[in-house]
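Coming up is one lone chain in structure tokens, specifically the form predicted on its own.
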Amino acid sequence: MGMQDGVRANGGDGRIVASAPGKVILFGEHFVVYGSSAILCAIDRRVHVGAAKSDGIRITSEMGTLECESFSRDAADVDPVLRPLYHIAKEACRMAGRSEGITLDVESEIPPGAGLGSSSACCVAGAAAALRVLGRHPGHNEGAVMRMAAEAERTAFPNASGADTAASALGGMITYDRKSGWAAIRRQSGGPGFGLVVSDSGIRHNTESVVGMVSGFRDSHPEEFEELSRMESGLVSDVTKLLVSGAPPDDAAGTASALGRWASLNQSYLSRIGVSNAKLDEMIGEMDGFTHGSKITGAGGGGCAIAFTDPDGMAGAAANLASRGHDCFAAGIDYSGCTTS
């Protein structure tokens, strides 16, 4: 698990292409803001960023294009969609002592605004490509890439914790809490013991507004929220122990069924704090019919839901859901993290 090296020259211009996976939050969203832990998992959908030296600055993606002759523009004046990559380009050139520029071009397999970590993956891949093409990324320098990626993401999302960028850079599964930061989940033996299906509601959400709504619920229902947070902390602790040991406590049915039941329980907490809606509830109800259990992943109010299946059952479950009109896919765990090629 971790970043892997390799270099690909394109047309002799020394172009580097880096890629990084998206992510889902398995458990703990929202409650992590108030002291609980969260569990994140990198998935096998990626963002690819190519980098090459150039005379000016050019950033291209399906979300827009930015061209300028120098780094004189303040990052705050750049469109928020492209601001993180502009920060990466500017900072990488500064670190390399380069007065010219750099070109960054983005191709993404992850839908934006769906809660699957497209922004974080873009920042991780962009930082890795820019640092490497400018000679500032020797070997497996995960720390430099993760720092630059987290700083870049905060230019557009000031409250970003860095957990998403850590999951994308490292791959696999991690835990995160605001006090201790992230830590890799390392299983004692065997595979993950479960499969995932991701289903997109098609509703794009504003994370900050949903977080603000949860804060309002906490202010108006302090005792209930405290109890929900306590139960969520216990649930995440149990899940973490299961993921590390690979054997559910007092449960002969297996890892996937235990995770599915915990997902359904976690969903009830998320519904209570108001981050679900009729579309998500309907989608989750159908997912529960073909899986061990499902829940919102990420902020809620839209975006995606995830469902737990047996390791060899995710493709069949995804096909069943797709036949009923769901925009969904089977998601493998990405253990490679950020790569350059």
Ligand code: MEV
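Owing to the predicted nature of the structure, the values given are computational and were not obtained by experimental measurement. Each residue number is its position in the shown sequence, starting from 1. Here the rigid core means the biggest group of C-alpha atoms that line up within 1.5 Å when the two forms are laid on top of each other.
Beyond what is shown, the protein has a form predicted together with this ligand; the following relates to that form.
A.B. asks: Just to confirm, with a 4.5 Å cut-off on non-hydrogen atoms, which of G50, G298, G293, G301 contacts this ligand in the model of the complex?
C.D. replies: By the 4.5 Å criterion, the partner-contacting residue is G298.
A.B. asks: Taking this ligand in the model of the complex as the reference, which of V211, M231, A144, M95 has a non-hydrogen atom within 4.5 Å?
C.D. replies: By the 4.5 Å criterion, the partner-contacting residue is V211.
A.B. asks: Can you tell me if C68 lies within 4.5 angstroms of this ligand in the model of the complex, counting non-hydrogen atoms only?
C.D. replies: Taking the distances in the model of the complex, the answer for C68 is no, it never comes within 4.5 Å of this ligand.
A.B. asks: Looking at the partner-bound form in the model of the complex, is L280 within 4.5 Å of this ligand by any heavy atom?
C.D. replies: L280 lies outside the contact set for this ligand.
A.B. asks: Could you tell me if V239 has a non-hydrogen atom within 4.5 Å of this ligand in the model of the complex?
C.D. replies: Although this ligand is absent here, V239 would stay clear of it in the model of the complex, with no heavy atoms inside 4.5 Å.
A.B. asks: Can you tell me if I25 lies within 4.5 angstroms of this ligand in the model of the complex, counting non-hydrogen atoms only?
C.D. replies: Result yes; I25 sits at the interface with this ligand in the model of the complex.
A.B. asks: 68-76, 222-230, 154-162, 104-112: which one contacts this ligand in the model of the complex at 4.5 Å, heavy atom to heavy atom?
C.D. replies: In the other structure, the partner sits against 154-162.
A.B. asks: Would you mind checking 15-35 for residues with a heavy atom within 4.5 Å of this ligand in the model of the complex?
C.D. replies: Residues within 4.5 Å: K23, I25, E29, H30, V32, V33.
A.B. asks: Core-aligned, is the CA shift for C304 between this form and the one not shown 2 angstroms or more?
C.D. replies: No; C304 is a residue whose C-alpha shifts by less than 2 Å between this form and the one not shown when the cores are overlaid.
A.B. asks: At a 2 Å cut-off on C-alpha positions, does G35 qualify as shifted between this form and the one not shown after fitting the rigid core?
C.D. replies: Yes, its C-alpha moves 2 Å or more.
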